[in-house]
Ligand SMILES: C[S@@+](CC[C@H](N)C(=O)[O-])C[C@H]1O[C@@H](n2cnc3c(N)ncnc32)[C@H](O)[C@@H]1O
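One chain follows as structure tokens, the form predicted alone.
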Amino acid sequence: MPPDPADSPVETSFGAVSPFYDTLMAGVPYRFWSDYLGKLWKKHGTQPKSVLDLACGTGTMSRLLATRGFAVTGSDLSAGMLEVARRKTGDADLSIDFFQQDAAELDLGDLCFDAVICLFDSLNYILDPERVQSAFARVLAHLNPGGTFLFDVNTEYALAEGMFNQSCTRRDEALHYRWRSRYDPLTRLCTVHMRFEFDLGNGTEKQIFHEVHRQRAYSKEDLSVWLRAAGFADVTLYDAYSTDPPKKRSDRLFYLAVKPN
């Protein structure tokens, strides 16, 4: 049985890896993801002007959306990730406010947005179902009437099939890693042990560090019910990167929920 998540401090996720996160995510097609958001917004007849990037990480998507004309605010739990986000935004001469916030306790005062996004399976990291429900309620409170909440999650199929079993040992890469995961169907928790090795560039020294990440699998039924219970309407699910409904072997799903007018 995996250890209780409460026994592991928050720093085990996105702590030591924060300075290397952008290197780790270098292959992610952020522009493709941004285009996909626009496609779904258009499909639902909405054209948001202000966007909250919830669990924004190092702010790469926040920056991209800002360069495309959106008024963007970012929020993340990790101080290390936000430090990188603020530095990158300053270097790019963009105006984005970043806040250190727990999604389940999101409180940005009177700030409201036309859209809230939460990408890259960030909600899977909330291991307590009650806190997911709290996050939904807090997102609703920060949306303008008619605003949209768009997020993605890894499915149980993805977590059970070992999607986190990955490694990179290429000689031309400065950051090497080896990840091994274990999924427990009883708790619906996936525990991922991550080992990283960063070449310091002098040919001999390497920085080695470890992180333990945990994600919880949530069913389509539960998430849909909780969204509606929070006050959302018109909850729609999509097989990732398409406008197709979920499939039996979908490994990632996108949800779009609307706050009533």
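Start at 1 and count along the sequence shown; that's the residue number. Remember, predicted model here, so these are calculated numbers, not experimental data.
Same protein, other form: the form predicted in complex with the named molecule, not shown, and the subject of what follows.
Asker: Quick check for you: of 229 to 237, 37 to 45, 55 to 63, 192 to 200, which stretch puts a non-hydrogen atom within 4.5 Å of the named molecule in the predicted complex?
Answerer: Single hit among the candidates: 55 to 63.
Asker: Is every one of 151, 222 and 256 in contact with the named molecule in the predicted complex, taking contact as a heavy atom within 4.5 Å?
Answerer: No: none of 151, 222 and 256 comes within 4.5 Å of the named molecule in the predicted complex.
Asker: From the list 163, 140, 84, 126, which entry has a heavy atom within 4.5 Å of the named molecule in the predicted complex?
Answerer: Only one option qualifies, and that one is 126.
Asker: Only one of 179, 120, 98, 183 comes within 4.5 Å of the named molecule in the predicted complex by heavy atoms, so just point that one out.
Answerer: Contact check passes for 120.
Asker: Using a 4.5 Å heavy atom cut-off, state whether residue 33 contacts the named molecule in the predicted complex.
Answerer: Yes - in the predicted complex, heavy atoms of residue 33 and the named molecule come within 4.5 Å of each other.
Asker: Residue-level contact is defined here as any heavy atom of the residue lying within 4.5 Å of the named molecule in the predicted complex; does residue 77 satisfy this criterion?
Answerer: Looking in the predicted complex, residue contacts with the named molecule include residue 77, since a heavy atom lies within 4.5 Å.
Asker: Under a 4.5 Å heavy atom criterion, is residue 20 part of the interface with the named molecule in the predicted complex?
Answerer: Residue 20: no, not in contact with the named molecule in the predicted complex.
Asker: Would you check, heavy atoms only and a 4.5 Å threshold, whether residue 159 touches the named molecule in the predicted complex?
Answerer: Result no; residue 159 lies far from the named molecule in the predicted complex.
Asker: For 99 to 116: residues with a non-hydrogen atom within 4.5 angstroms of the named molecule in the predicted complex?
Answerer: In sequence order, 101, 102, 103 come within 4.5 Å of the partner.
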